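A single chain, nothing else alongside it, follows as structure tokens in the form predicted alone.
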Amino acid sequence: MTHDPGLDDERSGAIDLRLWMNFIKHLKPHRRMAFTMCGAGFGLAIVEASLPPLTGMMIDEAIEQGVTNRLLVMGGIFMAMMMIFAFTVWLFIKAAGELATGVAYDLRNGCFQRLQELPFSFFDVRPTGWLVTRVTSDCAKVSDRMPWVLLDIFWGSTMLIGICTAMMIIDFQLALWTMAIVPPLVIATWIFKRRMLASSRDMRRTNSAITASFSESINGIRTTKSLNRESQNLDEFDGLADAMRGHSMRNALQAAVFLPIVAVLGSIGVGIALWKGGVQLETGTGLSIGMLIAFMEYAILFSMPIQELSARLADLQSAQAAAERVQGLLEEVPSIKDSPEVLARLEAARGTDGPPDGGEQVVETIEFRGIRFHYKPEEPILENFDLTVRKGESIALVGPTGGGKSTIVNLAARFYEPNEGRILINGVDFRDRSLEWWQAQFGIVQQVPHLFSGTIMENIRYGRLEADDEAVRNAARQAGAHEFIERLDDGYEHDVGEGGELLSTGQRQLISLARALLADPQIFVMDEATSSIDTETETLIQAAIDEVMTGRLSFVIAHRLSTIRDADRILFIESGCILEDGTHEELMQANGRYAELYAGQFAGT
């Protein structure tokens, strides 16, 4: 299996200032820490820029006058400034750490919240590993880099301005010689910028593919072993790992060359200052020894903020690929969402005793009118589909795989929206009702039930957290799950394991049914829920279904036709069309496709 690199939505090679300005907005809830960090960086720069002239004056005073009261006072000032230096370093490290942690928390929460809002179509084309990488490593990389980049912008720019100003004041000509390193430094930065950004993007893209491959391999380990595919999977993973190593080594080599180039250029500036200043000192036309030493300190310090800003620029380039992905997820607009009119109605209904979105609470009818739908434009699923379902009716959907049975239910629940046509709830377009309210009316039991890590009690209560223990037990009794749960050592506190792996398929299905029953939905959906279980469990589920469907609007998707004989209506769906519609007896008498399918299943019994 391979990861589609097109999912990464790469942008242009230049640093995207708009992107980073968007990320600056994430600092707003933590502005106190941000201001503290920047203020500490600003103060640190002032202290550092003030130390060299003080050092020079102390040296000149000691040479000319020896140890005097004035020298002692300057020494005291020096010690006080060093204490301030230490305090500001502690303060900005503390503030930067809190800022990075807070931003990481907000980004992860924001990404996870957006994932909850996105429709099924978003997840159809994106592997789990791709999404996990966005919420974990990408968020961490951006939040780790951003505070330090912001700090060094304030500290580095203040330092550079202060140092340049001080060097100009001490010796204008010597300062110009020292700053001769700036043009080659700009050229080196420009050359390496795009290359490091490109290799960083390659790393992030490959890392996403590795995460996706690893997640898929773990989830499918039983299939892999049953098909003896271990060596092929290892070869595929080795290919991704080799690609990751190549991109990482290229990025590390670029950084390993870039940063020393900056350091060498800084050293050249110091050497120029030492050479020119030494010549002036020897001829007696230049600075005093103390001021020359002060200027040399400035020359050394001059390269430090440049190196730090260059390093942060490299970090920014490295993190931009991750930032693009995180921001892309945060900016992803859900294709299925409440309209402004519905949102206004929800706001008006807030705090009142009326229906949550101003409409009827009881679902009497669902109507499909002229529905056209496709997942891919070239492969239509439904064409001019019409169907009306009324409260109290149980509708069974049967037919060949790929005919559109699950699509009908997914459209009814508004997991997807039709490309053409309308779906009406009590005669009102379902887009004019609250999405949250509408989807809360559905209780869906899937063919492959998913349980979450935790206890049986927690899994049944998952869709209705306010339910008490007795309500959970009643739902389990209604689903036929109570007896097997009581036989477990820990009963309802039994841990189901990851995905419910510590329970059988039938047990997971019974718990999934109990979970749906506890939610007390108006619309009940069984999506081939009995296709992978034993006959005894099927009998339990069928008894529960017969009870729960009474008075409810329900859909049953089934391949086992024995489970739908008592349905009010059986629809034979093929190629997105209703070929047959009637009760079991009516369709058997019609001797059409349903009768043929039924006879095929029960031949020889």
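Note that residue numbering follows the sequence shown and begins at 1. Worth saying up front: this structure is predicted, and the values here are computed from it rather than measured.
In what follows, reference is made to the form predicted in complex with a small molecule, a form of this protein that is not presented.
Partner contact region in the model of the complex: 372-380, out of 293-301, 372-380, 464-472, 90-98, criterion any non-hydrogen atom within 4.5 Å of the small molecule. Of the candidates Gly271, Gly75, Gly402, Pro334, Gly402 is the one whose heavy atoms come within 4.5 Å of the small molecule in the model of the complex; the others do not. Scanning Ser406, Thr224, Asn207, Ser213 against the small molecule in the model of the complex with a 4.5 Å heavy atom cut-off leaves one residue, Ser406. Using a 4.5 angstroms limit between non-hydrogen atoms, Phe415 is distant from the small molecule in the model of the complex. Contact check for Asp489: every heavy atom lies farther than 4.5 Å from the small molecule in the model of the complex. Remark: Asp235 does not count among the residues lining the small molecule in the model of the complex, judged by a heavy atom distance of 4.5 Å or less.
Heavy atoms of Asp124 reach within 4.5 Å of the small molecule in the model of the complex, making it an interface residue.
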